[in-house]
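Quick heads-up: it's one chain on its own, the form predicted alone, in structure tokens.
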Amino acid sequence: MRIRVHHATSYDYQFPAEGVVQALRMKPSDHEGQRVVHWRLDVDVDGLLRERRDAFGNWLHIFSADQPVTSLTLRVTGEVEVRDTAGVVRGAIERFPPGVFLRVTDLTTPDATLRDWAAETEPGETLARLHALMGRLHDDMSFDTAATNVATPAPEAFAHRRGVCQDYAHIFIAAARTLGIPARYVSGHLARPETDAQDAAHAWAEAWAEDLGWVAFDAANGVCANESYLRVATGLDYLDAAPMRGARRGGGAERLSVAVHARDAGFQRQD
């Protein structure tokens, strides 16, 4: 499948904001399951845009505005060829050994309830346990865009059994780590056949399975990643792989709008 992406994020400030800086992890990398055909990032105000790899091997763009701004729009357009590898990720840049991804973070530190729930996973071969964990989480949680926000830690979302893809990923990661299985967060895009317009980018998790390496699990949809998944960035949690994080001085109140379109470039929907 060739996935075509259009991703626009706009900021409007009440007053001119100074020192605007944005860290962008919005450009995917090649690996055995995907190949970037073309990719472009545009910003509608003057400034400096620098590109480098971050500690996890993700593409990182740092944008700094040259002058105070009252509005800012960042646009990404591109196409990536993706093939189904049954969720197995090979050939990606790996800066750290799997054991690093046993580390807990503020967003993935489990409480007693989450630890007990994870411990109920049937013992056995690692891959089977991960599939069981994904299935249980998919069944036990409800997708609810109003239940959480980007700062909600895994135990809080799990306590309510409600959340979005970010919460499913954090809970899966926290649970896998309590079982001694390295796991990490993935941000990217999901090309859905029913619609190409989405409220935000997608998120899922990868976990380490012996003899296979990293395997991608999307508990929000109850499947391993396939040719509909475009992998962009990874990290210990959302904060390491967020599409954008920024800072500014002043500006007053901020209004944020996001428009994401991800679809099969060869699919023609009949309306």
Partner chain sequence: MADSFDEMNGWAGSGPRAAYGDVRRWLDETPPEILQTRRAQAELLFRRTGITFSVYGDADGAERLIPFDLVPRVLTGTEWARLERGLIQRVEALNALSADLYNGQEILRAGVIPPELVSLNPQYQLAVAGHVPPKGVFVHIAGIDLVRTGPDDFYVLEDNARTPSGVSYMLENREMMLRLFPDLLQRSQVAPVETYPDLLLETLRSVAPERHDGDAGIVVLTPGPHNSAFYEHSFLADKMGVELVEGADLFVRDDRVFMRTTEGPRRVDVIYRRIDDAYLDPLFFRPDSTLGVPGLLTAYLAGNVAIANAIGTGVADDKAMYSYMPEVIRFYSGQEAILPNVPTWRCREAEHLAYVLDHLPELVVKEVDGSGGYGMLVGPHSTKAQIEIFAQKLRAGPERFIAQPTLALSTCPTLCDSGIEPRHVDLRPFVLTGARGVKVVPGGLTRVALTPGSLVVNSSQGGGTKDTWVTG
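Since we're looking at a predicted model, the values are computed, not measured. Residue numbers count along the first chain shown, from 1.
Although it is not shown, the form predicted in complex with its partner chain is what the next lines describe.
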query: Its partner chain contact in the predicted complex: residue 143, any heavy atom under 4.5 Å; finding: no
query: Partner proximity in the predicted complex: residue 52 to its partner chain, non-hydrogen atom cutoff 4.5 Å; finding: yes
query: Residue 249, heavy atom within 4.5 angstroms of its partner chain in the predicted complex; finding: yes
query: Heavy atom of residue 91 within 4.5 Å of its partner chain in the predicted complex; finding: no
query: Full three-residue contact with its partner chain in the predicted complex, heavy atom 4.5 Å, for 60, 65 and 239; finding: yes
query: Candidate from 102, 179, 147, 127 lying within 4.5 Å of its partner chain in the predicted complex - any heavy atom; finding: 102
query: Heavy atom contact within 4.5 Å of its partner chain in the predicted complex, the stretch among 179-187, 158-166, 74-82, 94-102; finding: 94-102
query: Contact set, 21-35 vs its partner chain in the predicted complex - heavy atom within 4.5 angstroms; finding: 21, 23, 25
